[in-house]
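Two separate entries follow, structure 1 and structure 2, each one form of the same protein chain as structure tokens.
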Structure 1
């Protein structure tokens, strides 16, 4: 679960946490566009570095590092795949430029992952659901989303309890061939599924008992209101996209290989 901690909301108080999710989402999209525009290492590194102050401000450095560590496995695969394919099909002049390009692709991946990470680490699922609601996504969908998130830790804990209960009855999960290993998981999967169904029925019952579906016009206790800070972030995001497009169109970006070995 440790890697997914990097995507799970951390309830601390910070300026980043207070930003309207919609503004944050626009920022993430802008970052996404910029990262996809460029395939050179220098601009991608810049995109990577400008996010670090945000992470520090949001007080989620530990979780964020954990995610990066978790993602490094995929990053390594991306790097190796790129090196191999560029080597055979790329027509690059030198090994150094191949490595630089492969690195750029890897950094792009990390930028994308970390921008999502910042969003989810600092946006409570409640707020996220609410912003979906306010941009017109049907309430049922938003409710399903927040409820799913609320029950992830509960189900994870339940799965652990089931594993413990079956191990206490002599079930050994390790060892044996593949078929045997799959069979070993049946005593865990069945109680997990049965309990999930039972739980969802109880939830449905509780929802019905609290007037679920009573009114077409449902009120929400919270309303999201954009403040000046949120508009600032949106403007910054737009500027970032505009600047990226400008650079992409009109400026030739040198590669590090060229700078080092002109």
Structure 2
């Protein structure tokens, strides 16, 4: 459950936390576009490394490392599946090129996870919902989105609590074959689903008791205003997308195997 814990907002005083959520969201989208454009290892490693200073500035290194450790299992699956598929169907000339391309796909996954981790660790769900509302998104969609963001870490904590409780009663999760392991998780999924339904009913009753949706014209306590720091991040994001598109169209990026063994 450490992967979900690495996506929870941390209320820390840092320059990254003070950036407007809209500017950070544009940066994440720009990084997503840049990561999808390239399938070479060198530019993807550059995209991975340029985010590390942001993690240090945001003071969320421990949470970020916890997320990367939680995502390592999925990264290993991506690497293994790419190696197997490229070996039989890719048509690559050598095993080194196959491994490099598989590593590139793995690093792309880590880049995407890393960028969204920085966004969610440094952006309050309330402020992000407020920013969506100020750009014209209907409040119902903003409320549903922010509620889903809040519920994911809560459900992850409940799942861990249920796992610990069932293990204390003698439930074995690691033993046996794959089918037996899947059946062992049934005593965990059923209480988790019941708790999720119970929480949703409590939330619906709380919303109804507060006359949610009775007034069409809403007011907010805070009004987000973008400053020079926010506009600088937006400009950097646009330039990053433009540079990525230019490199993707007009510059041939060599692979590491071509550099080492020309």
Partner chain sequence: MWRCSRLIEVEDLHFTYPNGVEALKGISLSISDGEFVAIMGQNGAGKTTLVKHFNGLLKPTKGRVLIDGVDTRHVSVATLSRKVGLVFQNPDHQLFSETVEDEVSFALKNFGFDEGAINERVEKVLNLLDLIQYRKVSPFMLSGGERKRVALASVLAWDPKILILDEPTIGQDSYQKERLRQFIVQLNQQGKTVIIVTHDIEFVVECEPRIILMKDGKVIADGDAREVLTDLKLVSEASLILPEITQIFVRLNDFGFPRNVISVYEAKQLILERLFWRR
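Residue numbers count along the first chain shown, from 1. If you superpose the two forms and keep the largest set of C-alpha atoms that fall within 1.5 Å, you have the rigid core. Because the structure is predicted, anything quoted here is derived from the model rather than measured.
- One of the two isolated chains is the form predicted alone, namely structure 2.
- Two rigid parts move between the two structures, and the turn of the smaller against the larger, rounded to whole degrees, is 12°.
- Here the rigid core is superposed, and residue 214 then shows its C-alpha moved by 5.1 angstrom between the two structures.
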